[in-house]
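Only one chain is given next, in structure tokens, and it is the form predicted alone.
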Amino acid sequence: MLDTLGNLERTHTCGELRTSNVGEAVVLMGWTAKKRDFGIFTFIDLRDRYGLTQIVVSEETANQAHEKAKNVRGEFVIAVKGTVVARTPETINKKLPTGEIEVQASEILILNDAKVPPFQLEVVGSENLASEDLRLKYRYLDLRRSQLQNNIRMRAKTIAKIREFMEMRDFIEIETPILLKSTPEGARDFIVPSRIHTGKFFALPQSPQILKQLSMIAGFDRYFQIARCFRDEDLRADRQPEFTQLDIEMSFANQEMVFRTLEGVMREVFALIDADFETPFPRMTYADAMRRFGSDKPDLRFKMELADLSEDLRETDFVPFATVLENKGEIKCVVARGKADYSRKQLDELQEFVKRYGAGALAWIKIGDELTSSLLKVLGQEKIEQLAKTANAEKGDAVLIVAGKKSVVAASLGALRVEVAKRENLIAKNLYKPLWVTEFPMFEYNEDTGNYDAMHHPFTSLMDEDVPLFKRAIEDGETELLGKIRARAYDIVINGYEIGSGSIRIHQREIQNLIFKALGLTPEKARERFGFFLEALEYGTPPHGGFAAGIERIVMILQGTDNIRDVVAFPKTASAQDLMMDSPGVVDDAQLKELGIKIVE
């Protein structure tokens, strides 16, 4: 029979007691993490979210409590009344903050029992964890693990620190609606049917972008929100269909003001782990980032920049390379320092790796006691030596080469440099390298549709010096010029993760109309989707700019995990399912009929 709590109150948490508490009568409550029987003594490790305290129950001093302790099993919920005593020197546990004391129990209450958990909660090493799917199915148990509890606590501290920082700088927190109108301009919307207005639908916000701009038109001047956002898109390890972001907007703001604000936020947040950032953060244009690192979110904790071999091979007779260059592609490489000893198996593994990013093959040069290369027969010794020199490779190095479309070369070599750095342990732990990436292209060509899309979003203003070129592209129909237009857009990157992005916004309707036209929206279509916003721009819209930073990605870096699900209390799987609640699920025919919806197989 289970005990009742009655009016008993906890006096301390399981992570709180120290030698200064010795002799005090205490009441602890929590879950049984472990129990060990030693005849007349029973030891219980009692756990709550604050920590763990060892309980000792003696048959001689507390016979009734000892009898009850015999019935306690893992994850039972118990209350313990007892006295804090100091451990003997040989029994001190230096791994625990409470390891110098224990509580000698005088009474135990069993408040609830528990089934045997489907997996072991506390294990040593991530390789010993149960499968992620099993842990997600029983997420409420997985969340009892200290690692995940620490992650969720850090998330809460991060949000609290952000709020404190923003409020101290006169930003006002404004909560924007979750049920909005679908205005598809980026990822797919999550659609919500309206029961009252049959055949019409709300959409969940991909971001509060338009609403925060409307807040500037409304005169709120400085807005922020810890905003829930939703995107129905294919998932990656660092994405979830629903996520939280710090959303910021400022009136009368230039890029430098936005940068200073975000740098201040990052300094405050990373101070939670005693990491100090020098400000201002370094800056790099998008073009330079792609040229040097093959990525718009380069990890600067290690070097290994891309080297361009295209000019050295401009006159080559080697057909694959010649064809690439004729088609305006490029040939680039990275140098793996000290890896001239790469085996054929290792090189084959790296080749399979770059193929995931569209590369056809990975060529190589190894500079050992002799210079060897997969290209030696087709290019000759002299040309191979020239390529190695252009790559700044030295004796002992391996040169890894990819040829193809510029986008493919960038994607494959950008990923390869990170893969090599991870394999060779080139990335220092507890090192944080922030970077502003600036001057993103305003438009990117969509090969599937044959049109240009907005790289960030269609409310981003243009670099002032590119406005004449943009108007020429629109007014004279020279749409190929759109690929050369730069935006006043910027990203914060830390350790290879895009933490967030922002821009100076368009505040004049004339320019916004031209942007929509460039994106292929007719005036009628633009009014249908964004008419309320276009009209708002005519009522004295101040110049403004802002930013959105992903809370989950920030906490991932703070906690040293590369899995976004580790920092979300109740996440979805990579296939956007909730294994615990078994969602998404079906709804009954009556609900569908009420909504005017029919399921088509």
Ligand code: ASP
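What you see is a predicted model, and the numbers here were worked out from it, not measured in a lab. Start at 1 with the first residue shown and count on from there.
Just so it is clear, the following notes concern the form predicted in complex with aspartic acid (ASP), a form of the same protein that is not shown.
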Should this chain be marked open or blocked when aspartic acid (ASP), placed as in the predicted bound form by superposing the nearby C-alphas, has its atoms checked against backbone and C-beta atoms at 2.4 Å, with 3 or more hits meaning blocked? open
So, in the predicted bound form, is Leu558 in contact with aspartic acid (ASP) at a 4.5 angstroms heavy atom limit? no
Does Ala548 reach aspartic acid (ASP) in the predicted bound form if we count a contact as any heavy atom within 4.5 Å? yes
I'd like to check something about Arg144: if you look in the predicted bound form, is any of its heavy atoms closer than or equal to 4.5 Å to a heavy atom of aspartic acid (ASP)? no
Taking heavy atoms and a 4.5 Å cut-off, does Lys433 contact aspartic acid (ASP) in the predicted bound form? no
Checked Pro205, Gly294, Gly496, Gly502 for heavy atoms within 4.5 Å of aspartic acid (ASP) in the predicted bound form; positive is Gly502
Aspartic acid (ASP) in the predicted bound form has a heavy atom of only one listed residue within 4.5 Å, and of Lys212, Arg417, Lys366, Lys332 that residue is Lys212
Pick the stretch from 570 to 578, 540 to 548, 23 to 31, 45 to 53 whose residues have a heavy atom within 4.5 Å of aspartic acid (ASP) in the predicted bound form. 540 to 548
Those residues of 449 to 479 which, in the predicted bound form, come within 4.5 Å of aspartic acid (ASP) by heavy atom: His456, His457
